[in-house]
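First, one chain by itself: the form predicted alone, in structure tokens.
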């Protein structure tokens, strides 16, 4: 296995800054906001009150109940607390969900609409299945079609990893397109749906009027075979807390709890009151951050659209832009670097212009001409960083 491309870029940024370089980092998918004070205080109070012992493997019942209520009320995914497992980040939830649906050595295949987050494919392969990529065209906003989905399904298909809003594309599927894809999946009873909804609250109707989130697990035809994954990292600015969760059909949920009991057991016990606080008393703070990201999304798209030869899709969700920069391949940088692919483009950009982006290779075969820029940073950094990119590409020959 290769290391995570995003974490690798993060390490390069740290090394460059250690040498004294002023690096504008568009690499990490981490909000620049602090965790809201009320959420932090809930954990502090719990810690000071002595909530420091082991918790149940799947998590404290009070937090699981709040998550179940949230999914039922906000997402239309009818959920009881015993279907919920609280995990060490959403990544761990996805890992366990894949372990639950894949039988190693059977020849299982799992579908993955791409471009897709760098960890999905390795996690699918680590669980013992073949990853079958379905490429979303830039002309269609990186979204796949029902016809593409139908063509990719065969007797070996046991699951699909679904992510909307999307990392790295920064786009959310319209509800009618989600329904069309789910109608196709409903025809194939063997397929389980792992729906990663970590960016669900970061949707920008200011950019795409009428855009709303639709959870596949809310549809009756898929409710019995959908695992809904979410967490507090992105919407609540709680990345370092490593709080994720999943909700699965009851029979599968019981098996996933067994798996977690042999892997990590529970997260820190004093985090559970913070989960309850986040999901019950923090809507205003989340909305403040969402509105700020919407402003940044428009600014990032406007700035990138001023870079000659970049092919851009306007982000309408999450906090990523994913331009195609392949027009600059086969060129030479000001310092003599050969630009042959997204990786060499990103490496030279960091070394010469001190701007960090994530190359597209690990986001899928269809993304080899792209770079990912996170706008989870200040507006000043967006303007400054893209100006550096614009000046640098103008010097490529």
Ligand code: PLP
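Numbering follows the first chain given and starts at 1. Note that the structure is predicted; figures quoted are calculated from it, not measured.
Below, we refer to the form predicted together with the named molecule, which is not included among the displayed structures.
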| item | value |
| --- | --- |
| Interface residue in the predicted bound form among 198, 313, 127, 267, criterion: non-hydrogen atom within 4.5 angstroms of the named molecule | 198 |
| Of 121, 143, 91, 296, the one that lies within 4.5 Å of the named molecule in the predicted bound form (heavy atoms) | 91 |
| Listed range touching the named molecule, judged in the predicted bound form by heavy atoms within 4.5 Å, from 161 to 169, 183 to 191, 220 to 228, 267 to 275 | 161 to 169 |
| Heavy atom of residue 233 within 4.5 Å of the named molecule in the predicted bound form | yes |
| Residue 258, heavy atom within 4.5 angstroms of the named molecule in the predicted bound form | no |
| Partner proximity in the predicted bound form: residue 320 to the named molecule, non-hydrogen atom cutoff 4.5 Å | yes |
| Close approach of residue 242 to the named molecule in the predicted bound form, 4.5 Å, heavy atom | yes |
